[in-house]
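Same protein, same chain, two forms; see structure 1 and structure 2 below, as structure tokens.
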Structure 1
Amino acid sequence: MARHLITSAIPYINGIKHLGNLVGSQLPADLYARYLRARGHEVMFICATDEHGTPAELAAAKAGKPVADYCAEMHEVQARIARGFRLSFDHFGRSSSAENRALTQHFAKRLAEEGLIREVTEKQMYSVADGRFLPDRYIEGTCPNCGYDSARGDQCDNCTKQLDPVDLIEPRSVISGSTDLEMRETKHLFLCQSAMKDKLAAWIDSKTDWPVLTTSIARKWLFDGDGLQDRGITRDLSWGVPAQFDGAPWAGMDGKVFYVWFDAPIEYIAATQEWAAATGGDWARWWRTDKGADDVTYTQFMGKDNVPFHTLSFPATILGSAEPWKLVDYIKSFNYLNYDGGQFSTSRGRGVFMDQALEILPADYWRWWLLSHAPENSDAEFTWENFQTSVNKDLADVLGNFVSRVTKFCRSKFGEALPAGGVTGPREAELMAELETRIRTYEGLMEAMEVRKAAAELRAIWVAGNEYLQAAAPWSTFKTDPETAAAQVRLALNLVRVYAVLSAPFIPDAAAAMLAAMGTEDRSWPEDIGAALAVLPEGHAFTTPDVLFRKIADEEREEWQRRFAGRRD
């Protein structure tokens, strides 16, 4: 049994996320965690809400609430929605926790002791209208690199280029919209990333198995233009981890907090400490290589916009501390999911957001479509036509149809128990050979985190059962050879259990319903398909389940398409 640490990029606290956010980190991380647990491995799956920085302050101000109260409320909202999507976190933490505050300040101290933090007096945007310095995310403008007109002062979400506010064309205050901005002097702490460049480059180069998307973004930041630059790690904000050293304000840093992108990744560790405080578990064995974490495989899941901070800034923090912390072993990054010919837009109400999705259909419908269309090698697009087709054909016509046909037929001819008698023949042997090959392929794809290919292989496994049932036609065989029909049905009912086990990482609720219908809690993995298809013995009782997946009607699809089109500008 191996030990696996899994983290998904922590979502900002400012509101409910859309389906693109879900499929870009949390959902594939959950898929992988569920699969590893099903194979008997020990898993620690960690996520949290990212509660500091500009997004939290702006959202709280818009809601008319103190920022701490707003964050507490939204953490519960996001946790509830995560449960709704069956995200199986071992702990869903908060970056505003006492653990993260202490650990962030600890890392800053260690970096300073290692000579990797310097003070910089610089000019920063000041809004005359707002009467305050504007942290980079309080400033928007046009990206000088790609022309995107809503680039932020730290990064362009469209082309991922790292920016400074002064780089923006026609910058404006996010608070007031004012363009009356001027540069004034202020002092901040900088992480000396440039001093870590060679060590980071060697580390990135050693990751020959990482996705090209991940390494290409990292190398772009390392080598393009002037290369990796030192990065400010404090901001002029009131909400965040105070810039303190040994419990007292860092000299000259009164009233400043650490930059959200400095403290947010540290929350992965802090959230595990939160888990330990709640459960009595040992967090150090997951994160400290001197405490047993050297045998842990650490995998991170994230959208491509988060890659630079996880391949460079966070590793610079870990390596620069000169302490025995666990570094990530593999980063699975994703492109963007677009919506029906454009982009998801919170401000325009365009696209489906996580709470809305669960109001329309159960989680498994969304989990299946999102994972089977995950934007791994390029951006993907959600369309209602594709969603309807996938649900109706994959879930209803293939998997749901198989379960319905075999259980209803058995009930009508043999009763609700696995029938006795009969033996299997060449057709069943052929099916088992195909399943053995496909299941081993499925395992390899899941272990490699090839999400779309794994979904396609799982569907092919479902199809194999349908094709067998159609060819064997036990409803016809029963008329002349009821014992052979009994053997065929017994195999098919055992296959329902196998399908439940294999499908659980993708569609956990449907898998649980299939197991319940089969009257078993046996989730043993089909290491040998022959043995797996004999787990449920003759005479074992089952029930005929309700419809596993209902079809989406054209009228529903058209109504949803109108509802989530967003307003027109």
Structure 2
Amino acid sequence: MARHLITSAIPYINGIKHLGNLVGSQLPADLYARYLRARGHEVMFICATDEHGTPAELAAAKAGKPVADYCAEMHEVQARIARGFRLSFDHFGRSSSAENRALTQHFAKRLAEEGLIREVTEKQMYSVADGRFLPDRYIEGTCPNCGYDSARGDQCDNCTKQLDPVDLIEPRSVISGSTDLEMRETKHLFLCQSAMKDKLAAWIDSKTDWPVLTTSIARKWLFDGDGLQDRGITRDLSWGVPAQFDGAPWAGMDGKVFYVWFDAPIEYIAATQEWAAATGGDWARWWRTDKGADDVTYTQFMGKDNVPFHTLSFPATILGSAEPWKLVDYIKSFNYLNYDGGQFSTSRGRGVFMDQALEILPADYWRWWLLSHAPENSDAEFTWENFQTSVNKDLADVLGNFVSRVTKFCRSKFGEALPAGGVTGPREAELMAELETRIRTYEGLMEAMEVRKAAAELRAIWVAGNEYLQAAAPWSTFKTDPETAAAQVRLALNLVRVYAVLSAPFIPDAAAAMLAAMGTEDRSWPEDIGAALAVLPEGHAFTTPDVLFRKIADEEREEWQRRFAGRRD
């Protein structure tokens, strides 16, 4: 049994995430974590909220709350929703934790000692009215190229030209609207990523089995133009990990904090330390290669927008520290999920957000659809029609109805216990041969994190049960040969347990309901299908479950379609 460290990109604290965010990192990471646990591996599954940065400060100000309070509240909200989706984190941390503060400062210090930090003095836009420096995109004005009056300081949304805030005509603060802006000198720390370019390139080159999406984005940043650039890792903000601290190898950084993208990935480690503090566990054996982590397999999950930071910046931090930290082994990245012909939009309330999704349907419905349509090779699209037909067909008709027909048939003919007697024949052998092949295929796909294909294979495994029932037709056999019907029904009821075990990574609640109905807590993986189909013995009592998955009606679908078209309350 191996040890697997799994991290999901950490969601930003500012608001509730939509389904596209969920399917891009947390959900597939959970699928993989659940699968590996089911196979008996030791798993550490880490996620957290990313709490620093300008948007958090502004959201808190808008809510009229101190930023620390705002983050604490939003963390609880996100944690509750994550539980609702059954995301099985071993720890859901906070990047604002004391652990992350200490570790972030530690890494910065180590990098400086290795000569990988340099100080840069530059001029940035300062808003006198807001009393703060503003990131480029928090400045708006008229585009000098096309005249668009709401061009952002970094880029014009209308003509897509890249801009510099000083180019804008009549620049104003997005926050206050104030035009009292000036360029002020400010000093920042830069991470010398360029010095590690060759090392990083060699490392990326060695990852021949990574998704093309991952490596192509990394290569683009490594080799485009002048190559990998040094990156500012501090900001003029108050909310964050202080850049000036006791023992810091620099001075004059008072009032500045580390850039969120510097401290956010470090939180993967810090969150494991938080876990250790809470449980008494040993975090070092997951992260320090000198303390047992050299036999850990580390897999990261993220949307494509996160790839540069995970392939370059964070590895630069890890490698640059010259300390024995565990480096990622595999980066599974995802494209975007679009919503009904356009993008999900937080600001315009377009699309389904995580809290809303759970209000209208149980988690399993969303988990199944999202995972079976995961945007692995290209951007994917959510439509209500597709969601309705997929869920109704796959979950209600193929799996749910299988459980229903088997349990109800047994109850009416034999009672609510596995009937005794009879022997199986070639038909059962045929089924087992097919299951054997398909389960092994399913395992391979899950190990390779081929999410869509694994879902398709799982569905085929469900279908095999219906095919078998149709061919064996115990309702016919029962009339002439009840013993044989008993053996057939016994096998089919055992199949329900096997389906629960195989399906649990995708639909954990339904799987639990199936196991409960079968009166068993035996979650043993079907390594040998013959043995797996004999786990529940003759005479074993079961209960006939309620409908596992209700169907989505046309009227509901139409209502939801209208409700989520835009303008969130």
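Whichever C-alpha set is largest while still superposing within 1.5 Å between the two forms counts as the rigid core. Start at 1 and count along the sequence of structure 1; that gives the residue numbers used here. Just so it is clear, the model here is predicted, and its values are computed rather than measured.
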remark   = Block containing the form predicted together with the RNA is structure 2
ask   = Using C-alpha superpositions, by what angle in degrees does the smaller rigid part rotate between the two structures?
value = 34
query = Rigid core superposed, Y148 Cα shift between the two structures in Å?
reply = 12.6
request  = May I ask for the C-alpha shift of E182 between the two structures, in Å, based on superposition of the rigid core?
outcome  = 4.7
